[in-house]
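Presented as structure tokens, the chain that follows is alone, the form predicted alone.
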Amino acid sequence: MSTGVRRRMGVEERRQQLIGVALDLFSRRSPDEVSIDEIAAAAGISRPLVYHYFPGKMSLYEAALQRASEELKARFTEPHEGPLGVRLLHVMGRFFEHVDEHGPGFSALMRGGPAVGSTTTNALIDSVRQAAYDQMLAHLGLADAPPRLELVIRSWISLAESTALIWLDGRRIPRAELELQLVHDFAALVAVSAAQDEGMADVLRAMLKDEPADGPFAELVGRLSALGS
């Protein structure tokens, strides 16, 4: 992501360029392995000029994580139209597309990378998880969640995150299979909770109400039925 030539930029334009360059490098290699010299060379500027805009690599790293978190949050946005299972499959497709394209950057964001334990990094991670949670509530048509549903949604978000991190270590399972599996996982978590709580049973009924015969949720029911036959 190199400019190739040096040219004058405004302060904010240069800052955004450096963030973009750093994010591109961090997306392909661990942030620990990327030096300020590499960032400067890729941006077509001198090392001292990088420090003019950012006090050090950590501040640039945190700015890159901020942009990465915003891009990741956008992956959870989906029109609230059509069967829920299909919507979630679209969301998982975009989520894993981001994970696939920005593996080291995604790992750095979720694991903290060089900034592990920092207030800034923790806040960014929490903001991504909260955005995913809010989107799930919206897809379910709810403004707030009772305790059992909150537990299910947050557990599922954690499962999607950990699944993606494990998958990055070798990509040994086809991506499309994991995307579908996570949609099935959400339905399964709701179903287990529905067996113990009538309110959750209502949530499950609403989820399945408009599910087409070839939808992800219907496919799960068919597969489970086949196992018992």
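These numbers come from a predicted model, not from an experiment. Residue numbers here begin at 1 and follow the sequence given.
Missing here is the form predicted in complex with another copy of the chain; even so, the following discussion is about that form.
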If contact means any heavy atom within 4.5 Å, which of 65-73, 52-60, 188-196, 39-47 contacts another copy of the chain in the predicted complex? 188-196
Using 4.5 Å between non-hydrogen atoms, is residue 80 touching another copy of the chain in the predicted complex? no
Tell me, yes or no, whether residue 8 is in contact with another copy of the chain in the predicted complex, where a contact means a heavy atom of each within 4.5 Å. no
Can you tell me whether residue 30 touches another copy of the chain? I mean in the predicted complex, with a 4.5 angstroms heavy atom cut-off. no
Just checking whether residue 209 would be counted as a contact of another copy of the chain in the predicted complex - the rule being heavy atoms within 4.5 angstroms. no
Flag this candidate site as yes only if 154, 166 and 204 all have a heavy atom within 4.5 Å of another copy of the chain in the predicted complex; otherwise mark no. yes
Contacts from 18-39 to another copy of the chain in the predicted complex (any heavy atom within 4.5 Å), listed N to C, are none
